[in-house]
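One chain is shown next in structure tokens, namely the form predicted alone.
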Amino acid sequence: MNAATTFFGSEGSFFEGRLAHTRFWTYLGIIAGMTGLALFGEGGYVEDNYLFELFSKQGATWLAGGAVLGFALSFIKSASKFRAFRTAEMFVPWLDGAVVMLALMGIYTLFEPTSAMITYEDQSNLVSGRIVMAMNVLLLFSAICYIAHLFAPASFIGQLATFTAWAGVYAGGSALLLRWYESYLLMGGDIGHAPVSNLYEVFILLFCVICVIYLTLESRHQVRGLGAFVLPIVAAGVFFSIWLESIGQADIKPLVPALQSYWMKIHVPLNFVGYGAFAVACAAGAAWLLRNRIEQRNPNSAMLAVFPSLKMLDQLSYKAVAIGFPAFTLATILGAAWAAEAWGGYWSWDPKETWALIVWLVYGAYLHARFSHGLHGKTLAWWAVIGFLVTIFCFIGVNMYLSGLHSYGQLT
């Protein structure tokens, strides 16, 4: 056994063994450095300037110090136990992805126009718009490839579908981070904020969440056929976001007073973890209904070999809801806390709040029916599809057509 094998472990994978363990502790050190910068850095934590502080000389010192400390702890902490490796292997891929997106964002900033060429009135020359367009192309192409995979499962097109979906995720995630950076370039940094404040921005977030949840399930359960149902949902959203851009909804704008809070960075992403998971559950439900119909009409159809089994689709739909429901529940609770801070009351039966409650009841009832009454199959497949239609109205319909305390989400 050579020295490299001894250090990195017997596993050959980049995401397994001591190599993953070392990266995991290094990332923990970097997170500790970020926390130290916020608590003890010169000037302390300033919400509107923290992103820039991370990339300053002081920020680099804190992050590098945390990384070195974490790297050292990875040797001190015993990595021989199975549990230690399993924890690292669970979280490291996600942390690696975050680092890649940050690195891409940093590269993109090198191509931003000079400050003299950036104006609030004309944001067409900002680089993030081109990255988002690349994401749109990648996701639309991925949707086409996934559908083609149903008819040509033995070709490389399925692998191409997965690859372009992941590429779209990285393009979208890094574009959102770049928009965050760009918001500080406009109007002297006075409107800098996290990019989750309007329909256009949260659609990009939603695409990334849907794809990440689906691609994770695809990798773990080998269910590439389900992509032909998930990615078309994303593709429909892409066309809607292109329309939003065409009517001037893609510009970075100042936050309304109610959104000027740290709660926004927590509440909104959690909401969209819920929405994204419910979209995947809907796709699994639709796939269940189609496979069931094909089995009844043509049990010898070649397409059945590409589809996951009915039992697997039922499980995938449940797993997606099991991911989304706790996230949506926590988002609703945090939203109530935010409402108390912004408007003086935890609940006001605002249209958005009311429909969020309806969505929560729909999926709470789904889980109750599954666990308490043992429902499976066709009933829950339709439940997942109809539940997502309710979710769509809560997300888009309420924002576009109903007024209330959340009217800042309407088109302007």
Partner chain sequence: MFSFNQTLKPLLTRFGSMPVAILLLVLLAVASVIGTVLKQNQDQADYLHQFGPVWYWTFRALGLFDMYHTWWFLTILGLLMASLGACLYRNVPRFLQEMRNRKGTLSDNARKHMEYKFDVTFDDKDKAVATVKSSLPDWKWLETESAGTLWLRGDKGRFHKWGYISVHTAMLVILVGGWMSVQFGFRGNMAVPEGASENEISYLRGTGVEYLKMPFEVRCDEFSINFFSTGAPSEFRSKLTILEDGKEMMSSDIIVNEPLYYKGVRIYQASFGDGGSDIKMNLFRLNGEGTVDVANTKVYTKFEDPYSDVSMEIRDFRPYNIENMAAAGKPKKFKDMGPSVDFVIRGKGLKPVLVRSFMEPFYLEDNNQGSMIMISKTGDARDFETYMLGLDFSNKKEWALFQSFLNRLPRTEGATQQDNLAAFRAALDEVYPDGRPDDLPMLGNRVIQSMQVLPDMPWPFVPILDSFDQTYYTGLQLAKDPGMDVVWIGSAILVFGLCIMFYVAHRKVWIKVVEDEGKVTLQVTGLSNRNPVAFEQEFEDLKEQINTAYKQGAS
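Residue numbers count along the first chain shown, from 1. The structure displayed is predicted, hence computed values, not measured ones.
Below: the form predicted in complex with its partner chain, not depicted.
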Segment that reaches its partner chain in the predicted bound form - one of 291 to 299, 128 to 136, 201 to 209, 306 to 314, heavy atoms within 4.5 Å: 306 to 314
Three residues, P254, I333 and T354; all within 4.5 Å of its partner chain in the predicted bound form via heavy atoms? yes
Here the chain is shown alone; which of Y120, F156, W94, F75 has a heavy atom within 4.5 Å of its partner chain in the predicted bound form? Y120
Could you tell me which one of L361, A38, L375, A64 places a heavy atom within 4.5 Å of its partner chain in the predicted bound form? L361
Indicate whether its partner chain has at least one heavy atom within 4.5 Å of a heavy atom of K319 in the predicted bound form. yes
Using the partner position in the predicted bound form, report whether L367 sits within 4.5 Å of its partner chain, counting heavy atoms only. yes
Hey, in the predicted bound form, does P113 get a heavy atom within 4.5 angstroms of its partner chain? no
Evaluate P269 for contact with its partner chain in the predicted bound form, applying a 4.5 angstroms cut-off between non-hydrogen atoms, and reply yes or no. no
Stretch 330 to 350: residues contacting its partner chain in the predicted bound form, 4.5 Å heavy atom cut-off: L330, I333, A336, A337, W338, A340, E341, A342, W343, G344, G345, Y346, W347, S348, W349
